[in-house]
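Encoded as structure tokens, the following chain is the form predicted on its own, with no partner shown.
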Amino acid sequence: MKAPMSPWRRRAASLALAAAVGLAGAGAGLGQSDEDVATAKSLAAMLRAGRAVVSSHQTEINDPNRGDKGLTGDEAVAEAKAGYKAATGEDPDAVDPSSKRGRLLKAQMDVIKEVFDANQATINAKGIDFKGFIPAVFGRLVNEAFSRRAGAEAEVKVTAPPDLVRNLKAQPDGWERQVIADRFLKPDWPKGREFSALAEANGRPAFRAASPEYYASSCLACHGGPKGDIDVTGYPKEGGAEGDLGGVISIILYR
């Protein structure tokens, strides 16, 4: 005899049905709180701001003739805060530090500093014209460090359509695959629109949010064409075009 469905699983099933008929976008939906949505948006925005710091300094980081770049953890966090504020209109230091959003955002900023400080020898190495400290690697390191600090409450991951994932650890799980296939890859999905729902993650109830990312022109040196050519990082190029879906920031907030 099939075991009775727990109250949470009954609720999750009804939420999944609601999601299937249109629970999407930036606003809070059935069972989702405004705080959930705001927290996911903040974590995605800060991750993007941190990666943008690496991107904006990439030529400088890879300069084989220059040693100390002055790009310390403190400097990187200051630039990331400025980028976050420019993107969201909100000062990250003004977020209530006692709130869940404030605590998680602070943890994320702390790990941005941690990752930059831990990689100073690489950033400042002379005689090497490609250091491998690129936005994708930085993002992975930040997300791993964030999970070590906040994994009981939240996780952040950068994934992508399965055929575009280079790091096997970043393969989308079942929920992410469905969001990518049924929403982000559909031609009528509004560009940049997020999706969120209550759904199980790692066997636990959670609020889940996914934010699509698209190839910019600067991405195509590694992810453009000719498809199959080996890029500077040693991976075959995907043959993508500017504006194609290239990745997804996936946020889990455990309940």
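These numbers come from a predicted model, not from an experiment. Counting begins at 1, following the sequence as shown.
Note that the form predicted in complex with a small molecule isn't included here; everything after this is about it.
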Is there a non-hydrogen atom of residue 223 within 4.5 angstroms of a non-hydrogen atom of the small molecule in the model of the complex? yes
Is there a heavy atom of residue 180 lying 4.5 Å or less from a heavy atom of the small molecule in the model of the complex? no
In the model of the complex, residue 33 touching the small molecule (heavy atom, 4.5 Å): no
Examine residue 119 and determine whether its closest non-hydrogen atom to the small molecule in the model of the complex is within 4.5 angstroms. no
Interface stretch in the model of the complex with the small molecule - options 128 to 136, 146 to 154, 78 to 86, 103 to 111, non-hydrogen atom within 4.5 Å: 128 to 136
